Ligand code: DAH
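Before any questions on how it binds or moves, here is one chain, the form predicted alone, in structure tokens.
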């Protein structure tokens, strides 16, 4: 009973010092919540006799009712005093700023809409993939460098007799055989956007990044269709003033193969950034202004990704006759194309994933 008296007295002292509704709410939680002081008193009943428990329980319930009534009375007084003050408590509070999607999410939405206009459907395939779909079905031999532990994240999981090791997919190209097997027969127009994983980390690479795969298979498909589609995307996404170039290259899953480059937005395709804008304006020629190499592209062009005509072996692996059908494919990094978008001016891809709100809120 002494504990009940002490609790009552301490509550009265604390109640007299309350001057705001938030303080009152905290006091209520302190005494009447599930783990509050009043409920803690009930634990002492275990040591009492049956008759003593009855009396003690009644006194605790009485104390609980007293505290609740005093809290309610104090709350009404505080609200009344607020209404009589110079502040109108019925007015709405300050609106919180709305959040926004991540810049990569915006890019994915825009890319999807661009390809949707020309009849491409968006598909999604596993991020955790089998070796067979990522390499074997893409005409990549067992000794290919990309299949090394230094280039691919393998998962500690028992191998599958048919599909080999399990891994984090290093590219969206693994969706090519899956899509052909799903449909069984062309025509195929697919855009596959997904997370991909490679152990790289620098100004233009991150270990996890997003890639989008364009894939088209049908009768009489040729390189002009590939170039026309890429040129259409570049003009829609980057703007009419940006230029592309196709460089002959080698990929195991396309033949012939090309690297796709676009003029750099950071340096306007010159390969250099002029150190002092005022100095550049006053110079008779830009060549006389102090300049430094572009940190991102270093030469005026930035690689967007690989492309080419689908290798006949891949069509065979997926059950499609290469004598009847041909196709093309390309794979671009979503973050990379976003970096090169006109006006973005992002020269380090790692900034997208450092969580710095000063960077992200600009988008």
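Computed from a predicted structure; not experimentally measured. Residue numbers count along the first chain shown, from 1.
Unshown form predicted in complex with 3,4-dihydroxyphenylalanine; subsequent notes refer to it.
Participant: So which stretch, 235-243, 98-106, 205-213, 115-123, is the one near 3,4-dihydroxyphenylalanine in the model of the complex (non-hydrogen atoms, 4.5 Å)?
Facilitator: After filtering at 4.5 Å, what remains is 205-213.
Participant: Judged by heavy atoms and a 4.5 Å cut-off, are 150, 176 and 306 together in contact with 3,4-dihydroxyphenylalanine in the model of the complex?
Facilitator: Yes.
Participant: So which of 301, 325, 56, 330 gets a non-hydrogen atom within 4.5 Å of 3,4-dihydroxyphenylalanine in the model of the complex?
Facilitator: By the 4.5 Å criterion, the partner-contacting residue is 330.
Participant: I need to confirm a contact call. Of 197, 274, 132, 253, which residue comes within 4.5 Å of 3,4-dihydroxyphenylalanine in the model of the complex, counting heavy atoms only?
Facilitator: Contact with 3,4-dihydroxyphenylalanine in the model of the complex is made by 253 alone.
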